[in-house]
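In structure tokens, one chain follows: the form predicted on its own.
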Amino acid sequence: MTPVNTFESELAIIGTGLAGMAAAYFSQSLGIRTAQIGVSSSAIYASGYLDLLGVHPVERRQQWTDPFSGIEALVRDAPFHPYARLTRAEIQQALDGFLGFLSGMGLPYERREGVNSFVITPVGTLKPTYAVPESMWAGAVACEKKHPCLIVDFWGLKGFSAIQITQMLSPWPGLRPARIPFPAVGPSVDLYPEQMARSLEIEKNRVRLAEDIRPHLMDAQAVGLPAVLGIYKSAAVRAHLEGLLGVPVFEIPTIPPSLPGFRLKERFETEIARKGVRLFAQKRVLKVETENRKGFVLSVGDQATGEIQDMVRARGVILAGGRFLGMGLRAGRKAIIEPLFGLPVFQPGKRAEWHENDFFNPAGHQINQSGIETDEHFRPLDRSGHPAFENLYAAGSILAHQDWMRQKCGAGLAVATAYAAVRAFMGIKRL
């Protein structure tokens, strides 16, 4: 049996998705001794776009250029939404701080203060988002100004079609597709984004790529490529291609798993450990015990074997493991449960009400509103409506009364609620 190590921390964060990342950053920036536990595979599903609020009401698919006005309308209509527990100042400070953190670790973002930009999705639609990776910003600018653009895909890359994107965006004049072979690879070879990204970190492959794109360039004022422009040297890869082609180059997210998510995961794990956070990567919390309802002992280990490898003692815990993908919640045959603390979960009264008959119902499905209910300090409630534990908090998509995917608010919700939860743990006065 492997010896079990015990670690002391002030705050333990369960989850390594965006909410967990944000909570770890805000915690360490306040000097809190922090431990973070989780399997970070969910990060690779991130497109890179940071949404604040894009759509409300979802059944009308109303899109918002001003996300803060959209949040005000949302809160009026849905007073139990997590955004209703946050002020504009808190949301703004949370986003400013987190975007500064991303920039500091080599993942700069661009935005128009207080305004959504419209960006291209992998399937060729336009979506409103608040902050855009620098590698994708030229696409947002081109979309706004409707510049002539060339969209490029590659033989062998599945799930990304330049023809589909340009056809879907046909009202955009001067948008043209091109399909070319990937440098040094035959047209019959299956391609994968990570493999392509590593290949393009070699200079001669970028030169060959530019040579293959140039005959298709014509009047294009920008070139859109799938998000494969390097992993660790993405800024240099893109800058070199722009120099070779003489026009801005921008990335478009691919279907998951995506390189922007992989870049975020890799940079975060390196940077957060350097800042002193004790990261238990690729591990799960298997069991939680309480100490006088004010402290916690977390048993950490391998989910598959159930072997406990570490014990983490913490004065406070933030639940930021997401819903079903991150295993923050589990769906049984008849009910949804929160497996670690036994917290009540807001959910439809009957299993049959989880989903609507129409899979594409514009209003979504009731299960997408399920989650943990909290007080104004983001402390989960027990069945009597009181905080279940004095120092237990929740942040991100595990929270009830929100449909982050349809409302296009996932990143803003994750970052802002993580910010508020950390500050509540420290007893910092609300803004």
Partner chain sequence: MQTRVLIIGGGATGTGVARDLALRGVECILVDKEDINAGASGANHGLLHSGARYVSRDPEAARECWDENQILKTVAPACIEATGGLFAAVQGDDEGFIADFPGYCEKTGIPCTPVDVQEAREMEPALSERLIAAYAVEDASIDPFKLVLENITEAQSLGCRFLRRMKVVGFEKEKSRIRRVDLENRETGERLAVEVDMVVNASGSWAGQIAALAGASIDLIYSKGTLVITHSRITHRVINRLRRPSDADILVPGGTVSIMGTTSIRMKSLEDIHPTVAEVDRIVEEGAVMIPGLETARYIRAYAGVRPLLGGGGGDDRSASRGFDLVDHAEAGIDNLVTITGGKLTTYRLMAEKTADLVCDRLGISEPCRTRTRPLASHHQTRWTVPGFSPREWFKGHDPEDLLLCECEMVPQSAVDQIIAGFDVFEKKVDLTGIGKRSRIGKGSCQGSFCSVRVAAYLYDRGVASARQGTVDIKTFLNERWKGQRCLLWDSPLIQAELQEAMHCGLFGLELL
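Note that the structure is a prediction, hence the values are computed from the model and not measured. Positions refer to the first chain, counted from 1.
Not pictured, yet referred to below: the form predicted in complex with its partner chain.
Proximity of Glu144 to its partner chain in the model of the complex: non-hydrogen atoms within 4.5 Å are absent; the residue sits far from the partner. Taking the partner from elsewhere, Phe160 is found to have a heavy atom lying within 4.5 Å of its partner chain in the model of the complex.
Contact annotation: Ser47 falls within 4.5 Å of its partner chain in the model of the complex, judged by heavy atom distances. Residue contact with its partner chain in the model of the complex: His386 places no heavy atom within 4.5 Å of it. Only one of 214-222, 90-98, 295-303, 115-123 places residue heavy atoms within 4.5 angstroms of its partner chain in the model of the complex, namely 115-123. For the three marked residues, Ile180, Ser199 and Arg238, no heavy atom of any sits within 4.5 Å of its partner chain in the model of the complex. Contact with its partner chain in the model of the complex, judged by any heavy atom within 4.5 Å, is made by just one of Arg33, His377, Arg406, His401: Arg406.
Just one of Asp190, Glu307, Asp77, Glu203 comes within 4.5 Å of its partner chain in the model of the complex, counting any heavy atom, and that one is Asp190. Heavy atoms closer than or equal to 4.5 Å to its partner chain in the model of the complex belong, across 59-78, to the residues Arg61, Gln63, ordered by sequence position.
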